[in-house]
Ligand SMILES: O=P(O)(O)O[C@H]1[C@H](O)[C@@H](O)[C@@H](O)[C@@H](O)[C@@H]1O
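The chain below stands alone, shown as structure tokens; this is the form predicted alone.
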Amino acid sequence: MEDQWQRAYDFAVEVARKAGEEIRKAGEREIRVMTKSSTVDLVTKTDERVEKIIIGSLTDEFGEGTHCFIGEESVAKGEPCILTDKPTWIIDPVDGTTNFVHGFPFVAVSIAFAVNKQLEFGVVYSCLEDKMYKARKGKGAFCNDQQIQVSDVKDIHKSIIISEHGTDRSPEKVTKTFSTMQKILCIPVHGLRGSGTAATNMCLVATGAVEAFFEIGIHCWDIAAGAVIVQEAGGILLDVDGGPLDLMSRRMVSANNETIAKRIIKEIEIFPVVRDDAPAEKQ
């Protein structure tokens, strides 16, 4: 029986590499910076150009109107962020824009593909490192074609946990974010880290470099590709309240195993965020 999504998977890897090359070239030129929602959440012309490259390439390959798209820059311009049963690409063209602007060497292209609201595959290209992470449902996870797997650490005291402080600088949310980090650090764990890109953080969980990554305030395009990679590397995904992951909830814990995940969840101070698929008037 023909594998109907293999072609899409292979093409996604090609497109991610092409997009990564564009990002590297842009990094060698003068970068013009605009502000999006805050001085921290920076966006460059590169985001828009790379998203156009990705969506344009996919549309040319598979035909106009055959697939749907959820892209960070498209949503920022008012496109709906609704996941339907139709074949859908979920795209973050430059995950780690702030890193990119400052020359901090973790920037990723994230491309995921879902059908019937279920993720089929994910591709994350850490373009400054030249590391291509990819995974298909039921077929394992890989980095530069070498199979990867999560760590076997179950003792929280021997773990490294990764997280981010996000772009919302409201005092209440900053306080809760850092209170959570303080409590986890004082469990104690071996350390807390952050690469500045959710997609890369999830891939670090998948390779076993860290035991878990959690964050409140991320978006579906930040984590969709990484979610497949983590699961196919043997890890788990949960909501920060311990329930199943909801891709649109903007809340996630990814970990090497349930023991580590649930221990972290005990320390997380939850604060409200607006869902990605919320009606526009609630955004």
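When you see a residue number, it is the position in the sequence shown, counting from 1. A quick note: this is a predicted structure, and the numbers were derived from the prediction, not measured.
Another form exists, predicted in complex with the named molecule; not displayed. Remarks below refer to it.
**Student:** Taking the named molecule as it sits in the predicted complex, is Ala212 in contact with it (heavy atom to heavy atom, 4.5 Å or less)?
**Tutor:** It does not: once the named molecule is placed as it appears in the predicted complex, Ala212 has no heavy atom within 4.5 Å of it.
**Student:** Examine Thr175 and determine whether its closest non-hydrogen atom to the named molecule in the predicted complex is within 4.5 angstroms.
**Tutor:** Contact with the named molecule, no.
**Student:** In the predicted complex, does Ser126 come within 4.5 Å of the named molecule, counting heavy atoms only?
**Tutor:** Answer no; every heavy atom of Ser126 is more than 4.5 Å from the named molecule in the predicted complex.
**Student:** Evaluate Thr197 for contact with the named molecule in the predicted complex, applying a 4.5 angstroms cut-off between non-hydrogen atoms, and reply yes or no.
**Tutor:** Contact check for Thr197: yes, within 4.5 Å of the named molecule in the predicted complex.
**Student:** Please state whether all three residues Asp10, Glu120 and Ala224 have a non-hydrogen atom within 4.5 angstroms of the named molecule in the predicted complex.
**Tutor:** Result no, not one residue of the spot touches the named molecule.
**Student:** Using a 4.5 Å cut on heavy atoms, which of Ile218, Ala255, Ile70, Ile54 is close to the named molecule in the predicted complex?
**Tutor:** It is Ile218.
**Student:** Within 4.5 Å of the named molecule in the predicted complex, counting heavy atoms only, one of 150-158, 163-171, 202-210, 79-87 shows up; tell me which.
**Tutor:** Correct option: 163-171.
**Student:** For the heavy atom contacts within 4.5 Å of the named molecule in the predicted complex, list the residues of 63-96 involved, in sequence order.
**Tutor:** Heavy-atom contacts to the named molecule in the predicted complex: Glu72, Asp92, Val94, Asp95, Gly96.
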